[in-house]
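Taking the form predicted on its own, here's one chain by itself in structure tokens.
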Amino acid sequence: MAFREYKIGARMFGAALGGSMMITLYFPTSDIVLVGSTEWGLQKALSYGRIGGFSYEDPLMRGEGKPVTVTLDKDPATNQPIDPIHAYVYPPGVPFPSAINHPRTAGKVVAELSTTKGRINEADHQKGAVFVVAHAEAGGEVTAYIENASVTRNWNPQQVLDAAGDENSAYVGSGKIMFVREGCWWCHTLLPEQTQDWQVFGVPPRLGDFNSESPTAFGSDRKAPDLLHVGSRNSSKEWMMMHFFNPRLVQPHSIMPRFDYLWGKNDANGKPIDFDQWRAEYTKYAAGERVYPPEVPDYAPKSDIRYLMDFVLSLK
């Protein structure tokens, strides 16, 4: 009879905790699957990769093990012109998102189209693959689904990367890692709420926009503008570079911290960046001793800031 009350209490606590987890995790997941993924949801799943935060393939959150989003206007296999299309390149060994590994998470109709017409079940992450978002009519409606272009169009990952080139490539999945790692969601939300929010920041997301995304980055406390559609409001690379290097260059009273360290040690030409000199010159500019601020160095192709900017500019 000893500790009987404690045993009963522990069991009740376990039941309550299990029930709350079911309500918090299982029921919303069931709702999302029933609704089915939207086209934007599929695009996010394919561009972010398996996990958009801490993961075993990227424990230090450096943006490793992520796909590359490219824009193509020629067929990489035939070199013939095609309508511009986004392709999501998974080099060999890069893990697939749950939309590929577990198609049912995208919804019944999308999963069926992706498997039968898109042939995603034939993709092998050890060999790599290229995916695109295609469309087909189902139930009287045009529905977006995932197409395994490595099988249907004979596109291989390296061929697609070479055809696109760096200027048409975006490291969106790696950029989301930077967004989470640097705590951007502490101040910025990705969830316009209501009334004036919709007029200023754009329409809110739909339920089907989050299938296969893990984790979401809604944010919990807005101290700065919502960023869900920021790529549509401001697509200027130059403005973004100035804003991230030192926000006071574009917003004199901004409380956002500098992210100049994301540039790394060298600029786009491989030359060392003299941060001390830049900050000294900026101090003179802020004090009115210089007419123009110092120029922000261009970033290296595989720098953390490149990743972060690619992610932010993809939010449309």
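Just so it is clear, the structure is predicted and the values come from calculations on it, not from any experiment. A residue's number is simply how far along the shown sequence it sits, counting from 1.
Just so you know, the form predicted in complex with a small molecule exists too; it's not on screen, but the next bit is about it.
Only one segment in the set 191-199, 88-96, 224-232, 73-81 has residues whose heavy atoms sit within 4.5 Å of the small molecule in the model of the complex; it is 224-232. Remark: residue 166 does not count among the residues lining the small molecule in the model of the complex, judged by a heavy atom distance of 4.5 Å or less. Though the partner is left out of this view, residue 259 does reach within 4.5 Å of the small molecule in the model of the complex, counting heavy atoms only. Though the partner is left out of this view, residue 247 does reach within 4.5 Å of the small molecule in the model of the complex, counting heavy atoms only. In the model of the complex, the small molecule lies farther than 4.5 Å from every heavy atom of residue 217. Site annotation in the model of the complex: the residue of 133, 240, 123, 170 reaching within 4.5 Å of the small molecule with a heavy atom is 240. Every residue of the trio 183, 251 and 254 has some heavy atom no more than 4.5 Å from the small molecule in the model of the complex.
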